[in-house]
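Quick setup: one chain, the form predicted on its own, written in structure tokens, and binding and motion questions come after.
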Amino acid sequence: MKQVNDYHQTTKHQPRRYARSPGYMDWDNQPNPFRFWKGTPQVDLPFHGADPEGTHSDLYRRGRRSSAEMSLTTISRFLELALGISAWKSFGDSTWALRMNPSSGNLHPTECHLLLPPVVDGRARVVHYNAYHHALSERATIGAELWQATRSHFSNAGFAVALTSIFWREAWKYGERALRYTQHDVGHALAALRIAANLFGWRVTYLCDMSDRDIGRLLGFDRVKWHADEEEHADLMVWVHDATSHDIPRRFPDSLVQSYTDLMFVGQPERLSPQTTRWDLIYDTARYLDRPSTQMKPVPMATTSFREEPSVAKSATSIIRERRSAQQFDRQGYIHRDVLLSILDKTLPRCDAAPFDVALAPPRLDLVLFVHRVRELPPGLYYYSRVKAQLADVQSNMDTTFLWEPVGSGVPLYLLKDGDFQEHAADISCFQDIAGDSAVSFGMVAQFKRTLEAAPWEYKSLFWESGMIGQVLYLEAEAHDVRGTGIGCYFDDPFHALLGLRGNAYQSLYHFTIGKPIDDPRLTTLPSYHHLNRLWPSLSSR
């Protein structure tokens, strides 16, 4: 645990000392946000076929639709809605892509690989998903016997998806704190996968007992010649399957892993930057965080009904496609109390609802709210208890003068202290006005010490949980005609001091803010895959 705790302490921002970073933007070496593989056959994913129908509530509620057939078309739609390009923005001579899954600094360190079922030419494959081309790079062919053994092990038709991180993409800008941000983004992507799967009647189950090494072996990483500092680190693997399937095994057995290791893998990754800068603290800590094979206990989560919510006119897919990160907020913009409570309700872990039913780990994060402009809710500092079992311990660790007044019956939201906290929110968020100009700002507080004492490698999954919460906040803001943005730059210890937290029993891992956005009229928006019109002319209408 010491090495993990040392990393966390070292990478804390302080008002007079920020975590070590380059200190400037080396534009000549900015990493390519898209990974391309040389020497691999490419399978172009189809764009034909309508988006799955669904309402706002279908993003979360399970069992409201039958499972769609797993075909190249449905898997294509699934990947696009989870990890594809949502739009391009242009200003002057600069153009950049936005994606369905958000990323710190829009740098996108997260990559996606699949063990794809035989939906193309009757052959199963190990592939990499290329969001730029909306295509699959084929790295190995999985023989029919091996795929049948894989399917039999999981007792259903499905496929595996792995998420990996390229630390350099974040370290280029953020230096040593980048390891934190890559794991936020894994959480964003995991929630995006789970929510997109819901629209096809599929489930996503986290293979929690898989070691990082075995995930890498399944993907052929042990034989890739990575460019210096540009390697991918295996984070997690999930099994995507029929929503009616239960008791999914949580790992590939050693015999199957060995069979995948024996496959003929092809392809080498192209360079992301002409030159890189190595941040040894990141790589040393990452090695210590390598997850071993485990036998996790089932994750207990409540079965609770959703709160009755204000009506939402947008469809599920339009909410996903239109999600954006706000850059500036209107200081006169309000949201209503009922909207806020509905947004918060979607962050509760439920055993029968996306995205937290992936059963990542026992829930360990609660929310602190800086309420600025919420109608029918007084400004002040609030606490939202997502994890009922740890509420008493949280209270004993916080400022003894806090009120802990319940906001309403059956709502786990408590007023800690009333008053204007706009300046506090902005100051704690590295003096960023967006945290004070918004309607409400959040800090995510995790059960830290106890988690790491039990399993240091769960440091990553704490950030995954925070990223999953962030993805829900993003989508919920979009659904209710406001907008959110994640805040990775904040002063850890001053925030803890505001709450009266001492030591490391609880730590803040991610901040977020929601409000009425001010759009920049100088920016031009371009369609998501306009750059592929020569390949798919029908996209010109999208």
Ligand SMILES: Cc1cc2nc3c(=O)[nH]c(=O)nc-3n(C[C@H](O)[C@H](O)[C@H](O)COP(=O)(O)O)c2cc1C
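Because the structure is predicted, anything quoted here is derived from the model rather than measured. In case it trips you up, residue 1 is the first one in the sequence shown, and so on.
Same protein, other form: the form predicted in complex with the ligand, not shown, and the subject of what follows.
Please tell me whether any heavy atom belonging to Gln432 falls inside 4.5 Å of a heavy atom of the ligand, as the geometry stands in the predicted complex. Answer yes; at least one heavy atom of Gln432 falls within 4.5 Å of the ligand in the predicted complex.
4.5 Å heavy atom contact, His188 and the ligand in the predicted complex: Answer yes; at least one heavy atom of His188 falls within 4.5 Å of the ligand in the predicted complex.
Leu413 versus the ligand, in the predicted complex: is there a non-hydrogen atom within 4.5 Å? Result no; Leu413 lies far from the ligand in the predicted complex.
Gly105 within 4.5 Å of the ligand in the predicted complex, heavy atoms: Judged by the heavy-atom cut-off of 4.5 Å, Gly105 is in contact with the ligand in the predicted complex.
Looking at Leu501, Ile487, Met70, Val43, which has any heavy atom no more than 4.5 Å from the ligand in the predicted complex? Of the listed residues, the single hit is Ile487.
Given that the ligand is left out here, which of His424, Arg386, Arg99, Arg350 has a heavy atom within 4.5 Å of it in the predicted complex? The residue in contact is Arg99.
Specify the contacting stretch among 157 to 165, 209 to 217, 252 to 260, 316 to 324, defined as having any heavy atom within 4.5 Å of the ligand in the predicted complex. Heavy atoms within 4.5 Å of the ligand in the predicted complex occur in 316 to 324.
Just give me the residues of 494 to 513, first to last, that have a heavy atom within 4.5 Å of the ligand in the predicted complex. Counting only heavy atoms within 4.5 Å of the ligand in the predicted complex, the single contacting residue of 494 to 513 is Tyr510.
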